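Only one chain comes next, encoded as structure tokens, the form predicted alone.
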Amino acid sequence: MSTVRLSPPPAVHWITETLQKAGHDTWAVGGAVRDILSGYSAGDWDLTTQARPGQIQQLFKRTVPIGVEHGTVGVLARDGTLFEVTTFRKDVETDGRHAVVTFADTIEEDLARRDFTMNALAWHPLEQKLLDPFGGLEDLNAGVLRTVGVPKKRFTEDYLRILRAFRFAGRFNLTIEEPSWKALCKGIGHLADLSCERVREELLKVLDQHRTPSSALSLYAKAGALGVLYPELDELRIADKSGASNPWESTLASMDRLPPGNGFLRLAELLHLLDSDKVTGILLRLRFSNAQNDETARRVSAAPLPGIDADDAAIRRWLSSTGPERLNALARLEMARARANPSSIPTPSEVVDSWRRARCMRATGAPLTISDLALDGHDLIRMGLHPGPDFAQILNDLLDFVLEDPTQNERGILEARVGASSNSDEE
């Protein structure tokens, strides 16, 4: 073991010290240790300990039973921050999709069950010691992703590790060593057996967390995982490359120009060259929520921002049809595409100009939706009209009328227009 000085939150020392004083060996593991050693900011700090879940709950006043059956207890720090503390574990049975685990007695047993050497690092908060039994730090420094133990065994234990390999290699700019690469390629077909929820979460982590998601997604394509999980996208990859750029490559380039932290914006960009049926198919297959499906589909299908020569009415109609609340997201998508392709039309500066015009138009308070009209369904009833399917058409017609000229959005004018229309229908 080597001495390594890290700076975790004070609660990490408090939790470790409490467990150690009670006779339970305790270590910091997981992403925080790995990320700091890789030169990244630490995420959540997770601890693993010799203590069993019941003992953890007895030692701390405020706990949350996150997954007691799997050994994980959430410990609340004094400031309310939640830290996951998990009992040492070891696998006793695996089937490629799930592992049956039992509690272990040593940190070495716990690290031996982990997927990659970079994730099999443990750091002792009190002793400032780094435990690295599989050479994970050396691999990180060498830019290599390598499995713990025999690659074939690691991947057949849980085929989700194939997708995790792509994610980690992409995020940390690592090369997957040849034996691990060959083993994961042989297991690609088994990805179809994974639950859609697990596949979805891996994709979202790539889209949300990576500076350049293209790195991981290119590995999906290279290994054949794209064809198994997202054949609709694989069709873009194998499309005709005789033009200036391949659709798949241009999609990756524009995604890289969207900032991390908004996975669903990048998801819309990933899908934007597919037709609506294929977009719907992927979203349903991954079991996103109805709200997530609807918003993503709307972003994908939205018309481009009105060009710099568009008149005010065209801008209002665009805002109305796409939803004014989507302006910023859609402008970011168009800007990413423009920046990814310097010869594109519109150019980045033209996108900015269109964005500013639409923002100014929205700021005027011009009516853009039915709810902005000076007349509503209650007014129609007051005018003697009977509620029914015609109400929607009447209100849509009024919205179209005021989109052309917002000054007409006055109750009296709209009532007169409805009255004139009703009289015309009766005749």
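Residue numbers run from 1 along the displayed sequence. Quick caveat: nothing in here was measured; it's all calculated off a predicted structure.
The form predicted in complex with a small molecule exists for this protein as well; it is not shown, and the discussion that follows is about that form.
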Practice task
State yes or no: in the predicted bound form, is some non-hydrogen atom of residue 377 no more than 4.5 angstroms from a non-hydrogen atom of the small molecule?
Solution key: no
Exercise for the section: Indicate whether the small molecule has at least one heavy atom within 4.5 Å of a heavy atom of residue 171 in the predicted bound form. Expected result: yes
Problem - Contact test in the predicted bound form: residue 272 vs the small molecule, heavy atoms, 4.5 Å - result: no
Practice task
Answer for residue 31 alone: is it within 4.5 Å of the small molecule in the predicted bound form, judged on heavy atom distances?
Solution key: yes
Fill in the blank from the handout: Answer key, the small molecule contact in the predicted bound form at 4.5 Å (heavy atoms) among 139, 158, 132, 256: the residue is 158
Exercise for the section: Could you check which residue among 357, 278, 198, 190 gets a heavy atom within 4.5 Å of the small molecule in the predicted bound form? Expected result: 198
Handout entry: Candidate stretches 222-230, 256-264, 109-117, 69-77 - the one whose heavy atoms come within 4.5 Å of the small molecule in the predicted bound form
Key = 109-117
